[in-house]
Every structure is written in C-alpha cells, then in structure tokens.
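Quick heads-up: it's one chain on its own, the form predicted on its own, in structure tokens.
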C-alpha cells in the first residue's frame, strides 16, 4: 500500500485489540482541497471521512494480519458500518481502536472506535469518541477459488513493515 493513514501503533493485544494514532497535519496535501477558500469564506481544511475510514481499515487490517503472523493476504471486503460525528482538522490527533469480533480461516470482522484528540490552550486534551467503523476482511488466498496471486504478501508492504518496526511491533522472520 502506498499511502499510510496511521502514524504509529501504540498498543497491540494479539488477536484482540490494536490502537493506532494519526496526527492530522496541514502539511498533508489532501487537506488543501477540503475545503479551499472561496470568495469571502476562509479555507476550512478537514481530513476527508473516507481517509478516516481507510485509517481504521489499515489499523484493523494490521490486527487481523498479525493474528496469523502476516501469512495471509488480508483485504478489506466490506464496510459494515461507518458513522462519524465530527471532522478532524490540522493539529488534531485521531486514535483508532480496532477489536476483533469474529475470526475464521476465511477472514475476520472487526469493530472500530474513532476518537479525536484536539489540542487546547487549557492543557492536555481528552479523547472524544467521534465514530464507529465496523469492517469485514477476507483472507484473499482462502477465498478466490483457484485465482493465483503473487506468493509474496503484497498487502503488507515495506511501508507497513516500517510502521510496525518503528512502533515496536514484532514481525515474523
């Protein structure tokens, strides 16, 4: 995967839960398109909701992949639920908490909670839940009935390996 929508894994309980964070920065190019200044209205840069969903998909996918030591090619099969109540803006931190609801040889279902941490002048900000994103994943090699894919795990690319290594997550040899 070329684009990473999480910055760090901060907690991993194998086969149960993963917590990851994403710092929203004005340096990210996509924020300048949502929404640029128009006439007398100033720019309103926000993190697009679809990218928040993708951040949860990456967090949950890592949890599902880690459960089988990344032997399976884990792909997003279905967004069962995606509800977000607020936008994230530059300076905010998103915290994704993914938990496995069900896991089989064919795939897994996860429940995800999205929290927003907004900086305040009064001191450390408290996380506020802003949404729930429930997802289903498929183990690609188990579900494609004879279709052939490259042997190497192209889902968990070098970018994911770097993210996990710098987050202190043990990778299989």
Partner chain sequence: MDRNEVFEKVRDVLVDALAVDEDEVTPEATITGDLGAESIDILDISFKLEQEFDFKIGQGELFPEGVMQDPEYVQEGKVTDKGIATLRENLPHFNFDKLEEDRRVEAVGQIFTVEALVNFCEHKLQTA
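Numbering follows the first chain given and starts at 1. Note that the structure is a prediction, hence the values are computed from the model and not measured.
Here the subject shifts to the form predicted in complex with its partner chain, a form of this protein not shown in this document.
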property	result
Position in contact with its partner chain when the complex is considered in the model of the complex, options 43, 50, 26, 106, heavy atoms within 4.5 Å	106
Listed range touching its partner chain, judged in the model of the complex by heavy atoms within 4.5 Å, from 133 to 141, 56 to 64, 117 to 125, 29 to 37	133 to 141
Interface membership of residue 80, its partner chain in the model of the complex, 4.5 Å heavy atom rule	yes
Interface residues of 44 to 62 toward its partner chain, as seen in the model of the complex [heavy atoms, 4.5 Å]	none
